[in-house]
Each structure stands twice: as C-alpha cells, then as structure tokens.
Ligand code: ARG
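Form predicted alone, single chain, as structure tokens, below.
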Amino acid sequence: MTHTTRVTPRSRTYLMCSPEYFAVEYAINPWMNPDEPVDVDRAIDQWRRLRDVFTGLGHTVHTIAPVPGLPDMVFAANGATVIDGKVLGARFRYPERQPEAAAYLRWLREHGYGRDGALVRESVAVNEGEGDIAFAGRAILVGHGFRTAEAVTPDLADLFGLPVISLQLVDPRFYHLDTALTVLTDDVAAYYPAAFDDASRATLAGYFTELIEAKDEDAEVLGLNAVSDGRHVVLPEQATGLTAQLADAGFSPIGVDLSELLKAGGGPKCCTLELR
C-alpha cells in the first residue's frame, strides 16, 4: 500500500561541491586507505550523475567552488546545518577538514544567510553538520560517539527552537549518523540497528511511526547514506536489498553509483547539504 505521505515529494534546495580535488590523502575513518588509488575523473562523473538526478526530480542545486588542498570538501553535508533559514556552522574534529567550515559559512553568508535578522552561528562544540545532525520534522536528531560532540545539543535547541534527540553511535564503520540512518519522511526512517546502542534504538522506535531496518550487506555499502524528498530516495545502487525494501514501503528508490567517493566513506547524502 502506498502511503499518502509518500505520494507527493516536496521540492528541495541542495548545496553541492564538485570533487575536482578529491583524494584519499589521510585516514580519518575506517573506509579511507591512502594506498588505494582514486580516479578523480570518475568521481566527477559520478558526482555529476547525482546532481543530475536531483535536478531531474525538480530540485534546486547550488554549487560551492571546491578549494585546493581540501580533498573532502565534496562532502557538503558536513559543512553546516540549515533549518528555517538559520545556520549552525560546522566545527570539524580533525585538522585536515577544519578549513572547510569557514568556506561553507562564507558561501552561505554570500548567498543571503544572515540577512534580515536570520541567525548564522559558529559552533562552539565539535559538530560535523548534517553528517551527524538530521532534521526530522518535529525534532532534530544528533549522532555522537565518533565525530560530533553531544555538547552541541544545547546550541541546536537554542538556535533552532526544536527538541534535540541524542543518539549514540557504537560502530566506527558508521562514524556519522548519515551512514547509519536516513530520515525518509517526518514519521518514517531507515536505519541500521547495530550502529546504535540499546537506548538509541529504543528512542528511534519511540519517535518514528515506522522504521525500515537495513540488512548488513546494504549498510556495509553505505546504503543508508541516502537523500529523500518524501517519495524519491536517492541511494547507492549497490544497496539492492534496501532498494527493494524502500519500494515495498511505498517509496521510489533511485540508485546511483558513487563507488569512487565510497573510498573516503562517502555516498549521496555526504555530497548533499539541504538548504531549508
């Protein structure tokens, strides 16, 4: 049965960054191996396909210019959190990525954020943007344990005026929340239960009216690093089981190949910052 909440997708606005300087020069998560070659041209082609899928669905895509020396800047989701025109900037845990925060805040300010009284705030606590912070309609979900500090919770609540739900990540392969959970609608999410502690699994079960549980083989290709507009779900094409589960649940999954970016632990959501 197709649920009415999944019939009409909502138009979205995204910010993306081309992987022109993409490389795996260091290892700050278990997916990264500097000894494994990266094909930058292929990465760019795959990224363009993702961008074209979004625009083909009627969404607006803005791009930020990549900066030499910042090979992970392609992962735009980490650059900030934007809700109702308000912005909380990122504060990266690892020095290699820290300059990205200023680049994304500069772009946002140059494109109107912070005008007309809207708030743009630099974060005091370590947080890696939408990598660990997910807007779920009535609340904000925050994953912590590896990259984002739980101490960001009061900043989020104060700035955005929404309840904040903390979730403990326990598997280093799923180092960001967006590798282990994707919000499909305000009431439905897909997730990988083994990435969370018992209390967090119970919290998610109490918040969402429906949870789709990804299998090991789909989580292990970052199948949950997906982008939903309420009906269409763009996810790694390698996650075939999850694709079938989403279709059975009334969604319209669209597979894309981001295998080059997966070498740095990235997927469709990592490349996509939503501008709300």
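Values in this document were obtained by computation on a predicted structure and should not be read as measured data. Sequential numbering from 1, following the sequence displayed.
Missing here is the form predicted together with arginine; even so, the following discussion is about that form.
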For this session: Check, residue by residue, if Asn29, Ala77 and Gly265 all come within 4.5 Å of arginine in the predicted bound form, counting heavy atoms only.
Result: yes
Exercise. For the chain shown here without its partner, which stretch in 153 to 161, 202 to 210, 168 to 176, 182 to 190 has non-hydrogen atoms within 4.5 angstroms of arginine in the predicted bound form?
Worked result: 168 to 176
Exercise. Heavy atom to heavy atom, is Arg147 within 4.5 Å of arginine in the predicted bound form?
Worked result: yes
Problem set entry | Contact of Cys270 with arginine in the predicted bound form (heavy atom, 4.5 Å) | yes
Exercise. Would Gly131 count as touching arginine in the predicted bound form under a 4.5 Å heavy atom rule?
Worked result: yes
